[in-house]
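The chain below stands alone, shown as structure tokens; this is the form predicted alone.
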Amino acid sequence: MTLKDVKEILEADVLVGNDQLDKPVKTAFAADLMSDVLAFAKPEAMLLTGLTNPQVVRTADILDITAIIMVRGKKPTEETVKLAEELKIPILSTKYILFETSGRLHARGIKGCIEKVGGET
């Protein structure tokens, strides 16, 4: 699946990275707590979150996250957009809630970075 497919599935707006929609994606991690993202997310995953501040982009950069999906129609701050553009990290925004966003992607083959704590796959 590509980010373009994700955009269509989630009826999302591309806020940063329109030129990167051909990137492949296979996994995702959903959280608002960046310490959880740092502990459990994997490189090349998508990050699903309701947070919009620059810390989200910095966390994604550290983990080599493919894209950030902001849920509940959230829009990033101007500072967040600027940082994402500099680091070339796509940001998409969907009006679906985190649960629905995760379910829609999982139903179409996107796997979680891990299935359960202590049972990493």
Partner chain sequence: MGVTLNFEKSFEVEGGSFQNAGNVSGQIKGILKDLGVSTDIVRRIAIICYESEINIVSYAKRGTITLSVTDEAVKIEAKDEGPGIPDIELAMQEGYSTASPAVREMGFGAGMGLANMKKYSDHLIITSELGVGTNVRMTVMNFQKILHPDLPQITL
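Positions refer to the first chain, counted from 1. All values derive from a computational prediction rather than experimental measurement.
Keep in mind that the form predicted in complex with the partner chain is not shown, yet the notes after this line are about it.
Only one segment in the set 22-30, 90-98, 50-58, 67-75 has residues whose heavy atoms sit within 4.5 Å of the partner chain in the predicted bound form; it is 50-58. At the 4.5 Å threshold, heavy atoms of Val81 stay clear of the partner chain in the predicted bound form, well away from it. Heavy atoms of Met46 never reach within 4.5 Å of the partner chain in the predicted bound form, leaving it off the interface.
The partner chain is not drawn, but in the predicted bound form it has a heavy atom within 4.5 Å of Asp36.
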